[in-house]
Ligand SMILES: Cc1cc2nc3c(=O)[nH]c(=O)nc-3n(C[C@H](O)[C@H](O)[C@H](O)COP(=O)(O)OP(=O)(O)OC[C@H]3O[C@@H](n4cnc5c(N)ncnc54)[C@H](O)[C@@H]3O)c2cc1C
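The chain below stands alone and is given in structure tokens; this is the form predicted on its own.
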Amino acid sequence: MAQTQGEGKRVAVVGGGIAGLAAAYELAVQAREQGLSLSLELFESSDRLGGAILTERVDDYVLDAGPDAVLTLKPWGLELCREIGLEDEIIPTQDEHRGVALYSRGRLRSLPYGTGSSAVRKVRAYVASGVVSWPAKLRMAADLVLPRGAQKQDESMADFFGRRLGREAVERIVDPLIAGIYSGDPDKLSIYSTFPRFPQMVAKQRSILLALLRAPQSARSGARTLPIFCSLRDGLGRMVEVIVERLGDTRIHLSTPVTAVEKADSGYSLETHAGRHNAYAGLILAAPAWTSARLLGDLAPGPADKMKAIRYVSSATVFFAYRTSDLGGRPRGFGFLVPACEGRRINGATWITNKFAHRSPDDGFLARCFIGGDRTGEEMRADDEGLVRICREELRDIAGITAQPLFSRVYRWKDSGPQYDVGHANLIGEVDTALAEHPGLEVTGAGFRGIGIPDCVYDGRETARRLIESLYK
């Protein structure tokens, strides 16, 4: 890459969530490593950085109000943690408590969890769990003999899994498992934009179940594998803190919403309540897609209209802290998920104290309920007191928890959950093609190419690299 090291360039990042922070961090890294003269500014509409990553400490309880873990199957999140010096703070899930349950047909039923069990044992565990009826089990087994079928350009999760495993499997297994990630509707979500691994299984081995049964099993060889999820000892907010420390001379504007983006002679200008900010050679929008669409409405109406089609849902997490001695026995496993067909008012709950160490005092137990999204959105109309009441009633009915909590906390995430509906990949491709007509302008964030911390970190950093390449080519 041809470098013009003496020519200073200004770059702005709009949005201080994990994707925006990863982009800003990568810009700073590239500037330092390549000796580039780069002036970087970060604009965030709220009074803090981190977006959905928010860690708060209440007494000796650690509350991760948004995501509470980093998926290890995608390496980019943990790689960044190690890169910024947090390797010694990475903690795995607690194997001694591993396990997850589904609330199905009136009670909690244990399911296999993690990478430590062989696929054969997992399939047997699902069959024995009672989550689905015997006719549904026989229908699921038909996947072993069904033909591949014609490769589809895109289809919903419900259509794909329904064709392979049957509708009851979609309602009682697929629906609750994806609720913890997307809080979405399998009849709307794209299989290719959410879990492309499963169509790939069918394309290569004809059957989902055959692919699972034939998969190499590290457990059989005794090899130790990394847990599916890890976190940080003092909560994921540490990741945000340390990234910000590594941003060096970056000017950070908190409580400064950007209200407009305009084309300027030397690049782009931004409007905020503090006035106009001019002459940015490069601009990365790392905000929700609906925010980026609003900012680009006049400058780039084509891609803006496409971004408006990306659907978002609202959700909430509700925490309860207990004394373990008040519970009449510590709940087992990492928590439970609830299929929409059960008609309950929460999507599930996590037993945080079981999942990660360092989250509660010795006689403490921390639980977190999930509510909202496509499935329990009506409940989001309740005030905080109402959400606490709903969750306590559901914990009583589902898990038998009747103890009075020491405290509760409600965190609301309004329009924060992007939904990768059928056609999402094509839509993003069209957005990228249209934005190519605006050199120096990039978009990133959970609404575009992957949700979750690893995907947002990866896309934020890749976006920054693309921008550097275009500015200094």
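All values reported here derive from a predicted model rather than from experimental measurement. Note that residue numbering begins at 1 and tracks the sequence as displayed.
The form predicted in complex with the named molecule exists for this protein as well; it is not shown, and the discussion that follows is about that form.
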Contact segment among 434-442, 409-417, 27-35, 55-63, judged by heavy atoms lying within 4.5 Å of the named molecule in the predicted complex: 409-417
Every residue of 19, 46 and 368 near the named molecule in the predicted complex, heavy atom within 4.5 Å: yes
Any non-hydrogen atom of residue 421 within 4.5 angstroms of the named molecule in the predicted complex: no
is_contact(residue 104, the named molecule) in the predicted complex, heavy atom dist at most 4.5 Å: no
Contact flag, residue 456 vs the named molecule in the predicted complex, heavy atom cut 4.5 Å: yes
4.5 Å heavy atom contact, residue 11 to the named molecule in the predicted complex: no
Contact residue in the predicted complex, from 321, 189, 132, 287 (heavy atom within 4.5 Å of the named molecule): 287
Answer option from 193, 256, 72, 207, heavy atom within 4.5 Å of the named molecule in the predicted complex: 256
